[in-house]
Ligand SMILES: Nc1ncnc2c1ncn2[C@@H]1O[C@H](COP(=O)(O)OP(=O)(O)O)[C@@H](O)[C@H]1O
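The chain that follows stands alone, in the form predicted alone, written as structure tokens.
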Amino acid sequence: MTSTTTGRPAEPGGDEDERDAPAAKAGDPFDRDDLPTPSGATGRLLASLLRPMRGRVAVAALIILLQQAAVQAGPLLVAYAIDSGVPAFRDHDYGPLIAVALGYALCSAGAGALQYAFVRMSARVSQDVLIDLRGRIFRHAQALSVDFHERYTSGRLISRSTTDLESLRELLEEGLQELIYVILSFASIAVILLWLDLATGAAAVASFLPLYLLVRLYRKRSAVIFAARSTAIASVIVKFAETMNGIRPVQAFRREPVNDAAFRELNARHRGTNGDAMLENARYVVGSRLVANTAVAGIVLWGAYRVASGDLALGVLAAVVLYLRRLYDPIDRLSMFLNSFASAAASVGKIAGLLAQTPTVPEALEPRELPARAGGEPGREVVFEGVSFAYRTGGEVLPRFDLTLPAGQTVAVVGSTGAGKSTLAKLLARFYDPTEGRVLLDGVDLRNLATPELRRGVVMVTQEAFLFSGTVAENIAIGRPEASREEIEQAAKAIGAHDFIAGLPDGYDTDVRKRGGRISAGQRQLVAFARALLADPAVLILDEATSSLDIPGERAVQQAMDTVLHGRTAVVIAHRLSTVEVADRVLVMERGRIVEDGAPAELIGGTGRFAGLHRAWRESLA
């Protein structure tokens, strides 16, 4: 088989991981602390979350309206008692005062019961919103393409689904209730004051203007502060997660003091943003209380003068004083809402920015099925047709090339670090789409296959065999969840993993714990091969599957490879040349180009790059 490559070479330098992960460049949104939020995305997100609950939201609104009616009836009853009940009592008519007392008691009890019903209803709505949103974040993060996760850290994803959701929870469960209470109180009390006495009511309403200006200024300043605070706590979480995930190299290279210094700096930045938020809140509270107290003092003095001159009834003044207290008391609680709102708005904006990201490897609009395998053989033909690849951030990795892998052939891909080996494998697994050209599986473009069909047909086993928390059997069954225990054990026996699994404390039911930390690297790799064998893929990709193993472990895995690769189309990314022994064909890559292509024996007997690599490897074993 031959291959051709055309086009300019990929940029030199960098190790394989750096070459296969897109590097951020100027203008790349991943350079920012947070993703940009499209215009209107936040509003659309909130609307979509509340739309299924509009019935319950309407009921909650009705409940709070009735509750406010019961609450605001109290001062009116007091005014009636002073102006009508007391004179009637002097005339030995006890009916009005008894009616006022009963009415006040009923209003108080009704307000309490309605408040309970509203809190319960709003709590259910807020929890359902949070559950829905947390699920959306999790599902969307899984659906986003590999290149997104290679640039957007897991710590930031954790921050989106924890601290940012917590900010929204505080708004929904506490702040929103305060806002509704304040708005309804202001509106109802303003109407009642205007009805009781037009002049007094107009003076009270006029005092709303400076309060409105204070609220507007506070919202504007706090929005900036809380956006910075959300970013700061996300940075703290990212640093913490990164350090804990890399705890072995941290301790091995004594990075604790350096990490501690970096963490202190991030923590100090977070503390600073919290201090800014508290200072801004203090400014608002002091300003609002000054306006409120000045307004109350002025209105009460003016009202007392009017009572003395006979222009205003004493009961009306008493009601006005009570209503003024209720009018301005929520001012401090409004600051709580504004804090929650500013924090939640920043958080929801970040979540909306995340949810607005679209997969760079989209689902097929009209998916096709793969043709039936010919002759019962498990392998399928793979064709790279006019393929080239460059990351969106720039830097061509694979210049244009054509390559055909016949069904059932095992192809080893070798080359120096950064040659583009893993990029070729990721194109075949459709973790990326080619910049130009197409990758065909039995004549079908990978972009036209539904994801389940593609994942059944192409399976990749990576250098780090990732195991999930759970039993050995569950980890093997990931390849085919519907498999029976007997089929799982048969796959393990075929790979040569049964004996070590049976020797575990609970056999196949042993919990491997986080990342499979309970078993060795070689054993994890054998479990990964059993998983791949059980999945029965047409095409198997082994990306540096033995590079991290010792010699005994490598031999055990190579024996398993013979079983897994039999009859399948396989691409083996080889770091150790001992792996090439299982291959029918070798591709040598250099700077993104395929520079040699042939049978292992043919290339070893030549004078090319592979022959030199092979001689060096043999000498290293001597």
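From a predicted model like this one, the values you see are computed outputs, not experimental measurements. For every residue, the number given is its place in the sequence shown, counted from 1.
Separately, the form predicted in complex with this ligand exists; it is not shown, and the next lines address it.
Only one of 418-426, 181-189, 451-459, 89-97 lies within 4.5 Å of this ligand in the model of the complex by heavy atoms, and it is 418-426. Though the partner is left out of this view, F401 does not reach within 4.5 Å of this ligand in the model of the complex, counting heavy atoms only.
Proximity of V472 to this ligand in the model of the complex: non-hydrogen atoms within 4.5 Å are absent; the residue sits far from the partner. Using a 4.5 angstroms threshold between heavy atoms, Y391 counts as touching this ligand in the model of the complex. In the model of the complex, no heavy atom of Y152 sits within 4.5 Å of this ligand. Listed residues L327, L534, L168, V397 were compared with this ligand in the model of the complex; V397 is the one with a heavy atom within 4.5 Å. Among F148, Y508, Y432, Y218, the residue placing a heavy atom within 4.5 Å of this ligand in the model of the complex is Y432.
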